[in-house]
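Next up is one chain by itself, shown in structure tokens, the form predicted on its own.
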């Protein structure tokens, strides 16, 4: 069986990190699937999906690490010179984090670690309305 749903979220951009674990678990419950695989994905090239321990210190640390890797105000992105939209850093960050994650499902539960939460990160340089897709495969 294959079950598909979407989660709609309003984001602030600039590495806005949102815990979406509870929303994904609701979709898994609605699917009725007890054994299989759940895949979470965000369409677009300026957002990503990953896992962290979602607590204020680590959220701050991750944002700071991303700023060191791909600074928002670097002024040297070819993308910015080509398109003039100032979000070259957003594309780099999204490419590094990735657009999707998959997790095994056993006994109607995602196999996540105790301190592991699924997060959406919006890297764009403006607020957005994001749709996160959730597909559950199994029986």
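Everything numeric in this text was worked out from a predicted model, so none of it was measured. Residue numbers count along the first chain shown, from 1.
There is another form of the same protein, the form predicted together with another copy of the chain; it is not shown, and what comes next is about it.
For residue 29, no non-hydrogen atom is located within 4.5 Å of another copy of the chain in the predicted complex, even though that partner is not displayed. Looking at residue 44, you'd find a heavy atom of it within 4.5 angstroms of another copy of the chain in the predicted complex.
Another copy of the chain is not shown here, but in the predicted complex it comes within 4.5 Å of a heavy atom of residue 137. For the chain shown alone, residue 84 is not a contact residue for another copy of the chain in the predicted complex, no non-hydrogen atom being within 4.5 angstroms. Of all the residues from 104-139, those having a non-hydrogen atom no more than 4.5 Å from another copy of the chain in the predicted complex are 104, 105, 106, 111, 112, 113, 115, 116, 133, 135, 137, 138, 139.
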